[in-house]
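Following this are structure 1 and structure 2, which are two forms of one protein chain, each written alone as structure tokens.
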Structure 1
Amino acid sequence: MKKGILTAVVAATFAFLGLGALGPKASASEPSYTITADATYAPFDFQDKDNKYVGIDQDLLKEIAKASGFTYNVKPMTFNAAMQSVASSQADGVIAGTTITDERKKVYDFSDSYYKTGVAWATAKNSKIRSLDDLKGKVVALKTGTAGAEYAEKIKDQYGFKITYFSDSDTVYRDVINGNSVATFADLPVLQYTVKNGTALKVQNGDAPFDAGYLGFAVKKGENQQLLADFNKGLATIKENGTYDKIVNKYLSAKAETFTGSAKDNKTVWGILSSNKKAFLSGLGQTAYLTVVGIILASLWGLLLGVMGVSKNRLVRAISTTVVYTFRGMPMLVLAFFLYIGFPALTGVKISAWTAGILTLVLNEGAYTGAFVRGGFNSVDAGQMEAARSLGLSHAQAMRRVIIPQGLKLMVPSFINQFIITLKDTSLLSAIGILELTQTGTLIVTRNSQGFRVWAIVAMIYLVVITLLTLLSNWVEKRTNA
């Protein structure tokens, strides 16, 4: 009975705050399947100049669904998160340039192959490296989970090179261009697309790619077999009617400007800002929403932990200390992955990315809030409690009427500082597919390969917002101390 009441209270709270699904509300025509995808793997999966998810994978999926009569909803995220979402039953399937391997077959069931992949390797445009033998003793940058990474891992001992990993393609390319590593391995179409887009790389084996196998659509092993059968059926149909070849040729032969916008727009900060203003505003709006909701709930949770931390009851104090210690000591990104992927895999209960993101902020930021709230109460002069008790107030009454009001006044700057920290911490939630400001920047960079300019814009947006919050903090601090 108590458990049922608690569940009802939690559900009502989330419904009041609009966090039940923390995404678009369901409707009668909602897609029947949830499909995850890699958000940063052009030309297979990426966002075009109109902020629509496109690519070989996305166009094939669209036509396959049409041919087989099923509907779906795409959730773009990092490759590893996309794969793990399916493994934990958070999503029904994944299409993300995924190479079919024996190891992956232990966890996933794959469709018929929809693309034969070949691995190429590339160096900086002005590099003197010409053969794999030249890689000996040097560092190679790879994107985790890709066919290129798998191939490089197989030959690294043979050629004596070291490996460093990144979660998105643009960071890999920048690492090579900046000289921190000397080469990278990836699917040939991926490297050809980024070179065509102006990235200063040179593909070393474009005419003779290494054979790395086949790409496939995947579902969790033993589940969603109807979806898998429908995918295979639709794939066969579009191969037969010529739609498949049209889609592949569209992305392999088109000029980069077709998806990235004009070269003129991408050559200046103002051009990028102007052509992507809707995306930046949307990302900033999502960041603001996460921050405001997160800080409100984290503040309430932190206040409770702080009050518990100064309780006369030893057990209550111990619970508060344990909670604060646990969630302050846990890296926020680990907590986000645990809530979004680990917990559903353990319990079978699906949690939306938004719910996992908000819970991550509440638990992590609330722990820090609880720590400074407890410190704020303890900083109130001990004589205040003694005076209150001498006037006949109980300990609880003295806390509520004397200690807490004075302590909260001292904590106002700390609360606003935590607001700023929460704003910055929202960037980590991009790893589980939440499209906030940092993820928006990543998607734009994947499309236009203008990392320096895009990240300069993102940095300036954060700086402006944080400056405004700092000014607010100073103003509030002066008002409370007046």
Structure 2
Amino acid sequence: MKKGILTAVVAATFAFLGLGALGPKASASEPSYTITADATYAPFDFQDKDNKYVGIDQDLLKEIAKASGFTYNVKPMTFNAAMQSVASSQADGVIAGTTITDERKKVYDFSDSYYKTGVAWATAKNSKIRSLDDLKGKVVALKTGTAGAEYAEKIKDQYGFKITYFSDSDTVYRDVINGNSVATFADLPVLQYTVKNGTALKVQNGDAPFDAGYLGFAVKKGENQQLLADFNKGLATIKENGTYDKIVNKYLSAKAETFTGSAKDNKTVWGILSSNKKAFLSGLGQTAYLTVVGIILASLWGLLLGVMGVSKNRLVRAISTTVVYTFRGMPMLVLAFFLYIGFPALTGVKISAWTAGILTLVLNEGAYTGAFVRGGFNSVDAGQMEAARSLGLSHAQAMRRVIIPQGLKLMVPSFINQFIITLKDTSLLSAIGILELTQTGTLIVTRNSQGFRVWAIVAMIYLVVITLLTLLSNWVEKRTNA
């Protein structure tokens, strides 16, 4: 029977790995800098209708790198995570429509400014709210950690409004449009651009922001000074040779193309699915890859914890209990942020988002697995151990030959359950910038504002994959019971 389980596990592993092979591979030649960006901040940073990451920031960076001769790769994530990644030395620089503020200058060194901005406010298109006084008692939606949020926090008591926070701009806009909140504060050029692209909001400031500000590229204070100098040098070059103006006009001139994609493509679920096929597939590949690696490693780690949990040695049992208790009790998102942002900030050791993501899955799912594995072994009738020992088997032999095989059989349903949970949990890793299925959905919604259709597609894809996983697991379960 034990052999049966092994064969089944190996078969399942290979089946999963086959799926994992669809996942995007890291390129062979590593670029020299990692630069984070705001995933959803049109016209500065966003995905175009061919799912390419573009925008004023991205085009400027590309030309600046060319002019100054450096290479880089971009990691789009939430604005807050993009800034934190640099503050914790996980990334070398950040270009995220970032306003240069005195507060931020304490943590970051900024480049010369590359665009003028300022905080403005917007309401839903047909809102009756006209002045800040009308905000009294109402809720304002803000994006975490932004200059717009900071401004609103400052005037909140004066105008008597309440605040709700989201991590990306599109969710903020949706919240205001859906009427859960009545207004938002953000960069004037961004709000204007969003309205021009058909988002049902109204900018209330006209053309005059509350306070003028400037956008800049940032590195961690005192670090990556070469990159900063190269950025400034490249910026000066492209301002001089006209490339800068060309880029800005490409996005902001009167006849600039909109970025939403054609109306036809966005009207139906099928249209959205086929015009974003590549992005969905690549997101799914990454989700599958994380799931497969996560499941295999978490199961091995969980098995080890479980076996340690029934050890004769008290210390080994205590270690297992502590590890299970710690990581089962920690919200997964907190663990992901701790590993990706907290730990490197403390130690200076860089961890890639992918490694941090896998570690998060392994520690979290492994703790749950460890708990049910220990439970499974403990629920094997005590008489079995006694019988095995009385036949002359040592404790280790009895565990290996009698208890573990019977326990594993009892655990199969729990394993299946944990596999499905692992697959769903990978979606949380979008928060640290892993471009899996959920993050792919966010990027597409930002561009086409088709929240219902895009999230319906993403939900369907998860359901299909979970169904496949369940079928496979049921097959494994049947084999192990045969």
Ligand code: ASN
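C-alpha atoms forming the largest set that superposes within 1.5 Å between two forms make up the rigid core. When a residue number appears, read it as a position in the sequence of structure 1, where counting begins at 1. Keep in mind it's a predicted model, so treat the numbers as computed, not measured.
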Eyeball the pair and call it: which is the form predicted on its own? 1
Given a core-based superposition, decide whether the C-alpha of Ser181 shifts by 2 Å or more between structure 1 and structure 2. no
How about Leu391 - superposed on the rigid core, does its CA move between structure 1 and structure 2 by 2 Å or more? no
Gln192 C-alpha moves between structure 1 and structure 2 by 2 Å or more, core aligned: yes
Report, to one decimal in Å, how far the Cα of Ala120 moves between structure 1 and structure 2 once the rigid core is superposed. 2.6
